[in-house]
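As structure tokens, one chain now follows by itself in the form predicted alone.
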Amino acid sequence: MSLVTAHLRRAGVIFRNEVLVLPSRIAVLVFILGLLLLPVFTQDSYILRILILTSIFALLAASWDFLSGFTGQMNFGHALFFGVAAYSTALLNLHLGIPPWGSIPLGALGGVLAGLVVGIPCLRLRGAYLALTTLSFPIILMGVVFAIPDISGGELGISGLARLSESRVGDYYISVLLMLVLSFAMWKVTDSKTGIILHAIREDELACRAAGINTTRYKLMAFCVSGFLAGISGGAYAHVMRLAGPSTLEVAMSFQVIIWAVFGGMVSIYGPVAGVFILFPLMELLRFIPQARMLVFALLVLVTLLYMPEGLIPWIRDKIETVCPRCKARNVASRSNCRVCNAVLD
């Protein structure tokens, strides 16, 4: 009992000293608690459906940021991972009778395979050449889907999948928990030694090679991890919609993911997640005003690109927090001395 009490006290100290000291961390805490407690206040099917899809697309956008934001491997065909996993999950569920808890991770392995198929031939490409090559893969696969309608369902896709859970609230919690847990796992990876190496590859791959780092292995790892996580979102999407169709492979899907990530803030993981949670529900609410919907969307993106080139969330964070020049710890912008080393803040 005393050991449990000691651990609880230690957790409380960490919580007070590391979470409650920064506005950004308090905002994340409020955001997570709000998502988890939302069904207590409303179980409206429409609201839950919007947030289920938002959570799925947030994971998709974060997986793109893991690959393109952190390693600089600009992927314009991220819908490939999403679509391959959606179709794989649908076929496994319908033809082999595998339930969602098995078909989604198995379908995500299809995303990993797609990551290898794309990653291996693209390892020596950079810039526009890499972007255009990755863009071609989902287009090619869509042609294959239309060529084998007996298997893929053609233009109509594959329908009749099992539900993700027995209720809309169950779907909500599964989607939200998947997004939170996997996004946190991605953030921890990018905040580790592996993340530093990925940063270095993006900034100067030649210098990384000269330092003895196997950049090929790390880039392939990024493709596979990104493919797996995008595959999880694709499989969950297929079971939530009970459909896997050509729309999961469309070029528009890939560009939508990029817009979400750029709007929220690349190279952060939490930026793309926030970007989706701002833009996707807003666009759904404006669906009732179709004349203004695309205009508002375009204006939001243009203002962000012009005045917040690093994204909305990093811009807000830089306004309310400052970095200590000595120990690099983040502090509330109103502080005059660092909370860790007591250095004077500019």
Partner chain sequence: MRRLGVLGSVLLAAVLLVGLCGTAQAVEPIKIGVAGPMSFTQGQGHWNGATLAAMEINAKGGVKVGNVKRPIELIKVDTNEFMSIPDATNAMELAITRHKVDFLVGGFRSEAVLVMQDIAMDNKKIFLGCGAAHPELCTRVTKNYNRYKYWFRITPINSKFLGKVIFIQLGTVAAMMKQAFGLKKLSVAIIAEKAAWNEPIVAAAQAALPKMGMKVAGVWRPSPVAKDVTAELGAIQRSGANIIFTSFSASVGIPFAKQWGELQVPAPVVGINVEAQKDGFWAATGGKGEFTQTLNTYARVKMTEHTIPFFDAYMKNFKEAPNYTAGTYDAVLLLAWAVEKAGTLNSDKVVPVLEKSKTVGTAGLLAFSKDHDVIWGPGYVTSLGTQWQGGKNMAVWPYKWEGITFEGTVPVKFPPWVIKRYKK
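Note that the coordinates shown come from a computational prediction; the quantities given were computed from them, not determined experimentally. Numbering follows the first chain given and starts at 1.
Although it is not shown, the form predicted in complex with its partner chain is what the next lines describe.
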Picking from 160-168, 124-132, 197-205, 215-223, which part of the chain touches its partner chain in the model of the complex when contact means heavy atoms within 4.5 Å?
160-168
Can you check whether Pro290 is within 4.5 Å of its partner chain in the model of the complex, heavy atom basis?
yes
Using heavy atoms and a 4.5 Å limit, would one call Leu29 a contact residue for its partner chain in the model of the complex?
no
With a cut-off of 4.5 Å between heavy atoms, is Arg242 one of the residues that contacts its partner chain in the model of the complex?
yes
Look up in the model of the complex whether Asp44 has a non-hydrogen atom within 4.5 angstroms of its partner chain, and give yes or no.
yes
Contact check in the model of the complex: Phe15, Leu22 and Tyr173 versus its partner chain, with a cutoff of 4.5 Å between any heavy atoms. Do all three pass?
no
Looking at Leu38, Leu53, Leu300, Leu312 here, can you tell me which has any non-hydrogen atom within 4.5 angstroms of its partner chain in the model of the complex?
Leu53
Looking at its partner chain in the model of the complex, which residues in 141-160 have at least one heavy atom within 4.5 Å of it?
Phe146, Glu155, Leu156, Ser159, Gly160
